[in-house]
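Starting off, we have a lone chain in the form predicted on its own, written out as structure tokens.
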């Protein structure tokens, strides 16, 4: 979608709600927050930061509140905000961040409890937010601490035109994905006379690439439903990172690293997305962003040529009673489809807005009003259709109203494919919840990410990599307290016994 079209849509859909931005009512605020400045910190982007920056001036005109959007690199966001709040420096009044981190922010009392605010704010339409994002991304131990602005699920994208031309079906298993990728590797996929790629993935260290490996591993590790968990054994908090299932996932991941651009190990998410929408890739694994970037006429060469499916699965899964891989059966894989266990992965959980409890009452009111405004259906229904925002659908109305998507440039069939893949993930009883325990950032962004990057670079065997991850995770668990970490992990899965 072009910037001019985006602005036009903003004016049309935003007019009805600009006057209703408030901290709990639908009456006009006028200059209620005149003289108030709200400092909101998020990652550099431009995704996520862009819609905040674009809509801040309109919010200021409606309410008088000035919103200052501060950006830092993603790799620094967790620690920078945590340190700022912990030292009572309080440079930020609100943050749009990863809800996985609430385990480190909520218990010390750094975040404002938003439970009463969201229930009393009719503009926000809280119950329109899909239950997963409302109950998981926004909630910690039964209380609401964030407002969802984005919905995140990993899924696979494929070139419908290429697969149909060659009589191929979308991948059902990871072996299918590899076979399709190999089929197209080195062929000219966009008609420019140059060799292109079977698969394009973001595998750069610190580029959130560890989520890609988890997306592969999930199908092998979790088969009994969401409460089984894919990271630790819920009996003793032992990591599920040193077994034949994890080894199989590492093998798939290594194969994927060799099918794609020659510099794939240095590719960030922006690189892989650019290659896919530029027509140079047959397959990709990503969040919902590719679906909307594919209709951006300023950069896409694959408009109406993109299909999306739930994450590929596996016919073999970890039998935790034996510690071995076993073929799926009705007992081991009760949610399997045609003998294939799918475990859609809610990577990250969706960017969400939280408020610094230490900010002044007036500033907190203004910060909530801004986050409510950003999340409200009128604004968000447009932003989730614009690829550059990084916002993906998370409200029931985002899925039910196809008109918004067709107006943005998707064909009706493309919209159904895209939204259908997300809905299939959301509705799966075997959905994998991302890790959300104290120091999640260490487990994933430090230990796992570094080990995977070294593995792909050829530094360490499968066995050595599994041992390294497991040893580091166990050491961190014991440092914090194994029982307290187990309790936190079980709570995050809603396991009550």
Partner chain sequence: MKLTRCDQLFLFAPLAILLGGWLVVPALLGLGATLTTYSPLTTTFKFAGWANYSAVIHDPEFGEAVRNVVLFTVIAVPLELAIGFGIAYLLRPPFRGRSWWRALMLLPWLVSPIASGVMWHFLFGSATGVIDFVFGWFGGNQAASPIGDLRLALPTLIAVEVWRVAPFVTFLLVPGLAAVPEERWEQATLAGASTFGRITRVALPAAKPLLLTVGMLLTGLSLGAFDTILILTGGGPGTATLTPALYSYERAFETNDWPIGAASAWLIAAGVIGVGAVYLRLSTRRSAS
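Here the structure is a predicted model, which is why all the values come from computation and not from measurement. Residue numbers count along the first chain shown, from 1.
Keep in mind that the form predicted in complex with the partner chain is missing from the display, and what follows is about it.
Colleague: Would you kindly say which of 32, 468, 55, 436 lies with a heavy atom within 4.5 Å of the partner chain in the predicted complex?
Modeller: The option sitting close enough to the partner is 468.
Colleague: Go through 36, 441, 40, 431 and name the one with a heavy atom inside 4.5 Å of the partner chain in the predicted complex.
Modeller: Comparing distances to the partner chain in the predicted complex, the residue within 4.5 Å is 441.
Colleague: Which of these stretches, 141-149, 154-162, 128-136, 196-204, has heavy atoms within 4.5 Å of the partner chain in the predicted complex?
Modeller: Comparing against the partner chain in the predicted complex, the contact stretch is 196-204.
Colleague: Closest heavy atom of residue 323 to the partner chain in the predicted complex, within 4.5 Å or not?
Modeller: No, residue 323 stays farther than 4.5 Å from the partner chain in the predicted complex.
Colleague: Just checking whether residue 72 would be counted as a contact of the partner chain in the predicted complex - the rule being heavy atoms within 4.5 angstroms.
Modeller: So residue 72 does not count as contacting the partner chain.
Colleague: Taking the partner chain as it sits in the predicted complex, is residue 482 near enough to touch it, meaning that at least one heavy atom pair lies within 4.5 angstroms?
Modeller: Outside the cut-off, so no.
Colleague: Applying a 4.5 Å heavy atom distance criterion, does residue 459 contact the partner chain in the predicted complex?
Modeller: Heavy-atom contact with the partner chain at 4.5 Å: present for residue 459.
Colleague: Within 4.5 Å of the partner chain in the predicted complex, do 175, 243 and 487 each have at least one heavy atom?
Modeller: So, no: the whole triplet misses the partner chain.
Colleague: Who in 444-460 is close to the partner chain in the predicted complex, meaning a heavy atom within 4.5 Å?
Modeller: 445, 446, 450, 453, 454, 457, 459, in sequence order.
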